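What follows is a single chain, given as structure tokens, in the form predicted alone.
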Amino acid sequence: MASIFTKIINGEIPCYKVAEDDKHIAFLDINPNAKGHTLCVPKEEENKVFDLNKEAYSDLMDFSRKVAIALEQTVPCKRVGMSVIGLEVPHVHVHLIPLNDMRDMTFQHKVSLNEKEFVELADAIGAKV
């Protein structure tokens, strides 16, 4: 069965897309730890990050770096944190989270955005990738 991220990649579920290339997609997390929390996902479904081959792993990190730089230029923060956990969705994904405080990285503190804020933020970050 396809993961929720595969369904997003295939256009079956909408997302707030930030960036995309032939191998990856980046979109805003709909339950963000902080404003701008973005997920970078390889289009090829793989469960665990270290099961990716070296090239796919490096490509994902390069793509994530581009998105993180754009994110940091768009959302005021002290830095962009990165986390790869993978327990909640069995499809490799990198969390990029604008950090101003350690609690932004705990996955226990969430922020709310409305539809307009999500759209404007996705467009603003995407314009800098």
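Start at 1 with the first residue shown and count on from there. Keep in mind that what you see is a predicted model, and the values were worked out from it rather than measured.
We do not show the form predicted in complex with a small molecule, though everything after this point is about it.
- The small molecule is not drawn, but in the predicted bound form it has a heavy atom within 4.5 Å of D29.
- Using a 4.5 Å cutoff between non-hydrogen atoms, L39 counts as a contact of the small molecule in the predicted bound form.
- Although the partner is absent here, E55 lies well away from the small molecule in the predicted bound form, with no heavy atom inside 4.5 Å.
- Proximity of I4 to the small molecule in the predicted bound form: non-hydrogen atoms within 4.5 Å are present.
- When you look in the predicted bound form, the only residue of V89, M82, I69, M61 with a non-hydrogen atom within 4.5 Å of the small molecule is V89.
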